[in-house]
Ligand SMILES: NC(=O)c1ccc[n+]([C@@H]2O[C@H](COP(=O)([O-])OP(=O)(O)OC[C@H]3O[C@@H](n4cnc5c(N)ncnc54)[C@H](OP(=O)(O)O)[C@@H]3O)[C@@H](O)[C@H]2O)c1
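Just one chain follows, in the form predicted alone, and it is written as structure tokens.
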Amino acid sequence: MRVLITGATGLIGKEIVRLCHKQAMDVHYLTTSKSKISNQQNYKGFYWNPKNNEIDIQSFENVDTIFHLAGATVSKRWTSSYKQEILSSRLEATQTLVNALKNNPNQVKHIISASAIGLYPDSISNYYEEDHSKGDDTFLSNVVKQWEAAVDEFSNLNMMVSKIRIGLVLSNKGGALPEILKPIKLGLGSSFGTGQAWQSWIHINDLARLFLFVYMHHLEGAYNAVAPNAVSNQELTKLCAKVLDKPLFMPNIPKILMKLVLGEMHTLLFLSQRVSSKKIEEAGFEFKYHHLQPALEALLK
């Protein structure tokens, strides 16, 4: 078995690569950095430059599935130019793949693309399943809608298309968790706003396993990649402090303060999205980490 991965050197990509190799699968990957090209027997890199629609088509050799993870991080200050980068990085990468697969012989049958629960509207009361796909008019929701529409173009090439809507990824190697933990480790941890906003999270290992499950079982369509038990922002903060054995006595951080510090990106900290994992579980996927405290203990102890 051989798969092609875009974004293989990122946080999620590295974990997927690790699990692929654990199952004796060969990995090809695309990178925009020639210095990151490896040529091992089971891990071969190929250059691409989506901004210029450039791609090494040898990357498709004997590949039946593509894990498509490429896209600029949203965890960086949202200037008007960077907001465009967040969107264009996803659309250009997707279109480059579509063009290359359309115009060159290949054996690719399945595209499994990252997406995000940022599609779903901010809500304390709603419980979102995959069929709620209209979103709202916020920046993140519009990015995800355009991203998923671009990914759907693969279906015109008679390929199966899967979209994995990812929640808050918990890892001790990067992403949001180390940033959440910084003030808590200093004894300065506190919740955001009212603390009641829902956080739909997933352990990095469960997320990578979910991608491979969709691949192995030939699942098509959209799937939420979140653990079965969402928590409030307040509970997330409390459990992080508990696992680290740190005090938690600071007042909640008001939204207006974070808006001054982070600009429009502050919305990432205050969005409330309670998201269902029912569809992937009914397909047979079993989470290792259902509840937050054991997930944090596995990562931090």
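Numbers for residues come from their place in the sequence shown, where the first is 1. Just so it is clear, the structure is predicted and the values come from calculations on it, not from any experiment.
The same protein also has a form predicted together with this ligand, omitted here; what follows describes it.
- The stretch from 120-128, 152-160, 99-107, 86-94 that comes within 4.5 Å of this ligand in the predicted complex, counting heavy atoms only, is 86-94.
- Put simply, residue 12 is close to this ligand in the predicted complex: some heavy atom of it is within 4.5 Å.
- Interface membership of residue 73, defined by any non-hydrogen atom within 4.5 Å of this ligand in the predicted complex, is confirmed.
- Although the partner is absent here, residue 116 sits close enough that one of its heavy atoms falls within 4.5 Å of this ligand in the predicted complex.
- In the predicted complex, this ligand sits beyond 4.5 Å of every heavy atom of residue 231.
- None of 223, 192, 147, 198 but one reaches within 4.5 angstroms of this ligand in the predicted complex through a heavy atom, and that residue is 147.
- Among the residues 276, 32, 267, 272, the one placing a heavy atom within 4.5 Å of this ligand in the predicted complex is 32.
- For a residue to qualify, one of its non-hydrogen atoms must sit within 4.5 Å of this ligand in the predicted complex; none of 208, 242 and 294 qualifies.
- Residues are counted as partner-facing when one of their heavy atoms sits within 4.5 Å of this ligand in the predicted complex; in 165-201 these are 166, 167, 168, 169, in sequence order.
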